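Presented as structure tokens, the chain that follows is alone, the form predicted on its own.
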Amino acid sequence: MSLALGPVNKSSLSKQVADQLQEAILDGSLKADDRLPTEDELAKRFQVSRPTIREALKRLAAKNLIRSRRGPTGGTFVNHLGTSELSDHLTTASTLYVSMNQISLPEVSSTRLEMESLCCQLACTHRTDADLEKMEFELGQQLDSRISPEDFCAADVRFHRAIAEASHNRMLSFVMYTLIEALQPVANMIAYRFREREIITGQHKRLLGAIREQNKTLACAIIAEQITYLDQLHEEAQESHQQKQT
């Protein structure tokens, strides 16, 4: 393993050490399952104290970039991050941005329309029986009148995630996971009522049918219809919330 590391400035030492190690992970100098040098070795290479190294490693562990293992074959290793772990980090950030009004809901909706339309087109071409079964299962969950509004919203999210996965474009699926999950708090705020559930599940039934029949034009039209409808619900929910505060 060839790893170029150097001494750091004296301010925020642990952060600088963590940043250098993170950069090594991101650029491939350190690969998944690589064992990091010991704390003593890292301290010598960075010319800092062991407590500083320990703090830097804690920073990386908090980001789920490394893991520790005890025993004869133990040490600190680079984590193998899957799509779900990486998406979780991006989802948290995007959810905060939406919640703090750094990104407006119209911006999210327009982005979702463009990207999910692409997902639908690709899903119509590449969907498998397994993909269709996932969508059918989540639709079945939504049709259960006994589930809570929050569970309905969660099944709604998983349904759209299944469409993204059916595109069989991993990058697109990864980005869509983040975009869809970021809207979960907004969906929970609306707390779909029975009438709204019927409309949404009706749209999902038609969307599933369009993807099954590989009708790209129809699938994109249904997505546009649903996003327009959800935008209306968002506006109604916000107006209601504002009226209660006045």
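A residue's number is simply how far along the shown sequence it sits, counting from 1. Computed from a predicted structure; not experimentally measured. Here the rigid core means the biggest group of C-alpha atoms that line up within 1.5 Å when the two forms are laid on top of each other.
Omitted here: the form predicted in complex with the DNA. The next part is about that form.
J.: Please state whether every one of the three residues Cys120, Glu136 and Glu165 places a non-hydrogen atom within 4.5 angstroms of the DNA in the predicted complex.
T.: Verified in the predicted complex; spot residues all out of contact, no.
J.: Give me the residue from Ser148, Thr73, Ser104, Thr128 that has a heavy atom within 4.5 Å of the DNA in the predicted complex.
T.: Going through each option in turn, the one that passes is Thr73.
J.: Can you work out whether Arg69 and the DNA are in contact in the predicted complex, taking contact to mean some heavy atom pair no more than 4.5 Å apart?
T.: Because a heavy atom of Arg69 falls inside 4.5 Å of the DNA in the predicted complex, the answer is yes.
J.: Is Gln20 part of the interface with the DNA in the predicted complex - any heavy atom within 4.5 Å?
T.: So Gln20 does not count as contacting the DNA.
J.: Might Gly202 be said to contact the DNA in the predicted complex, defining contact as any heavy atom within 4.5 Å?
T.: Looking in the predicted complex, residue contacts with the DNA do not include Gly202, since no heavy atom lies within 4.5 Å.
J.: Heavy atom to heavy atom, is Gln47 within 4.5 Å of the DNA in the predicted complex?
T.: Gln47: yes, in contact with the DNA in the predicted complex.
J.: If we take heavy atoms and a 4.5 Å cut-off, which stretch out of 203-211, 22-30, 36-44, 216-224 is in contact with the DNA in the predicted complex?
T.: Stretch 36-44 is the one.
J.: 2 Å or more on the CA of Ala56 between the shown form and the other one, with the rigid core superposed, yes or no?
T.: It does shift by 2 Å or more.
J.: So, does Lys205 move by 2 Å or more at the CA between the shown form and the other one, with the core held fixed?
T.: Superposed on the core, Lys205 moves its C-alpha less than 2 Å between the shown form and the other one.
J.: Superposing on the rigid core, is the Cα displacement of Ser68 between the shown form and the other one 2 Å or more?
T.: Shift at Ser68: 2 Å or more after core fit.
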